[in-house]
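Let's start with one chain on its own, the form predicted on its own, as structure tokens.
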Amino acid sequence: MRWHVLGAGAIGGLFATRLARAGIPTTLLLRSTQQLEAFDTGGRTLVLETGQGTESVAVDAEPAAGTSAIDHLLITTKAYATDAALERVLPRLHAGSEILLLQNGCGQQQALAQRLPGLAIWAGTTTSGVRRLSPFHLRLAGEGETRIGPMTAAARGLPGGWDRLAHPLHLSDDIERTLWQKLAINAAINPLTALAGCPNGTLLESGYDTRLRALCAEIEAIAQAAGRALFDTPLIDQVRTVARTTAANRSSMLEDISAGRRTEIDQITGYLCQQARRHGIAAPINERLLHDIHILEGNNMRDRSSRER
């Protein structure tokens, strides 16, 4: 058994170390020869800082556009990059391949399951917090837990070898609800923190109360219109709990904005806005957040172009 990891960012690197530490051969699929050379120079290891210290975990790496078959594929790319990344490895998949998508947002998981219905495909969410200090150096901010569930009929139980991971892992019997729950929390926290440039815990301050309540109520209305159950308690309570337990963390969207990268706003807030329009309800708060993040992304792109001239 060997797992290939497509998307060697923070989450991809973290789960590559977890797989390798479980004794499962693991290979990073890298986009360029420059990445491969940098990985070789660093000793072909991922460095992971935790509360218990720092360790170097040996993993393999190869070009994404290789030729050998891929039996087990973990996709941790940015949600918007799923299709393009998959095209590079699609010729390497076969009828017995297993695929796990561990990403933010919604839409790409369902699209892949529709495209490859005969394969064993799972989707998952994780509350693990990790920051990438350099391309192959990670810092774990919180262990969290991971929920995985089947997207196709061929996916049964957990993906191969995942029961060996030393990490809180749960099999979801309703992965669509799990995905929507993560989507709702991300849609409440990520855009606000990205726009304000603040860590998650800042949203607990009284100045954010009215706006956060209204945003959560609108997200709940969209989910209800789409026929999706969220939590057994109000979303605002769930969001506050997450903001409290991850108070010092910076959301992935804030990290992307700070680094001048494209965000996953279209697969998070944008997906909610699509659902609202599909079901004929207004979503002015989410539409405004979508617009404002797009403005920030545009400013980042212009700044980058100016620096590169």
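What you are looking at is a predicted structure, and each value in this text was computed from that prediction instead of being measured. Numbering starts at 1 and runs along the sequence shown.
Here the subject shifts to the form predicted in complex with ketopantoate (KPL), a form of this protein not shown in this document.
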{"query": "Exercise: Thr26 in contact with ketopantoate (KPL) in the predicted bound form, heavy atom 4.5 Å", "finding": "no"}
{"query": "Contact label in the predicted bound form: Lys182 to ketopantoate (KPL), heavy atom within 4.5 Å", "finding": "yes"}
{"query": "4.5 Å heavy atom contact, Val242 and ketopantoate (KPL) in the predicted bound form", "finding": "yes"}
{"query": "4.5 Å heavy atom contact, Ser252 and ketopantoate (KPL) in the predicted bound form", "finding": "yes"}
{"query": "Stretch in contact in the predicted bound form with ketopantoate (KPL), which is absent here, among 137-145, 159-167, 185-193, 223-231 (heavy atoms within 4.5 Å)", "finding": "185-193"}
{"query": "Sole residue of Asn200, Thr76, Ser172, Gln108 within 4.5 Å of ketopantoate (KPL) in the predicted bound form, by heavy atom", "finding": "Asn200"}
{"query": "Contact set, 86-115 vs ketopantoate (KPL) in the predicted bound form - heavy atom within 4.5 angstroms", "finding": "Asn104"}
